[in-house]
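Before any questions on binding or motion, here is one chain by itself as structure tokens, the form predicted alone.
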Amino acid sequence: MSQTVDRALRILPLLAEGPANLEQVATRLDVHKSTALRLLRTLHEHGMVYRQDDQRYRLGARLFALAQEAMENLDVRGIAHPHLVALNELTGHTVHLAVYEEGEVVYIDKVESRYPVRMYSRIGRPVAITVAAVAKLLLADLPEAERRAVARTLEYPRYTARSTTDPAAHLAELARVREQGWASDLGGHEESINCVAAPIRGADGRVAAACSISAPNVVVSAEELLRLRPRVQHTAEAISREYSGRPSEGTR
């Protein structure tokens, strides 16, 4: 990266901390004021920074517009799919990707198990929101007031003896999921189906989606499936890095 570009990019996180004057920018960059002024003027011309009446600079509206546009155009499914395929090839089990939209948790991608016993889940269909592992992760990340409001409005079907049956139990489970950073559904929706899921986070740190592996007891026991949790978490972390634009450890 050229020195000029590097210096210009270093100005942006500086101004993210708050407005700064020319002298402060020059000091932080360890450059002459004339160099700092030239960089600030260029960024100002492109709307990346804005000069206030008090002669201090702050981040410009154009920068926020570009960030919003970039977020809107991110396709988490497109980014995640190769990782989901790799997880499926590694484990052999069904892999799902889900998001929270308009009060429902919906599957947006699925890679089928290599085993003859298949799951009936479908892309575009809502999941069992009170018991599904992916749903627990997505709801657990909601702000507390919203999380409690959602829990109160849900119905709690008793799919199996392990199903969550009331808002208090659901909120307690969501609190546990929020703390541990992963979720499971061990026969909560179907007696014979187990699932473990991990969160996919965006640049803001919030959970944008969740991925999971699922398998019936005739293929693998719940204990054996849970031993694959690190693999699921590793996949989710890899997707999160790519989705949020964070560099991998090896490129820092």
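For the two forms, the rigid core is made up of the largest set of C-alpha atoms that agree within 1.5 Å on superposition. Remember, predicted model here, so these are calculated numbers, not experimental data. In case it trips you up, residue 1 is the first one in the sequence shown, and so on.
This protein has a second form, the form predicted in complex with the DNA, left out of what is shown; the following refers to that one.
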*With the cut-off set at 4.5 Å between non-hydrogen atoms, does residue 52 touch the DNA in the predicted bound form?*
no
*4.5 Å heavy atom contact, residue 226 to the DNA in the predicted bound form*: no
*Does residue 31 reach the DNA in the predicted bound form if we count a contact as any heavy atom within 4.5 Å?*
yes
*How about residue 38: is it within 4.5 Å of the DNA in the predicted bound form, going by heavy atoms?*
yes
*Please check if residue 238 moves between the shown form and the other one, taking a CA shift of 2 Å or more relative to the superposed core as movement.*
no
_Once the core is aligned, does residue 215 move its Cα by at least 2 Å between the shown form and the other one?_
no
*Verify the C-alpha shift of residue 10 between the shown form and the other one: is it 2 Å or more after superposing the core?*
yes
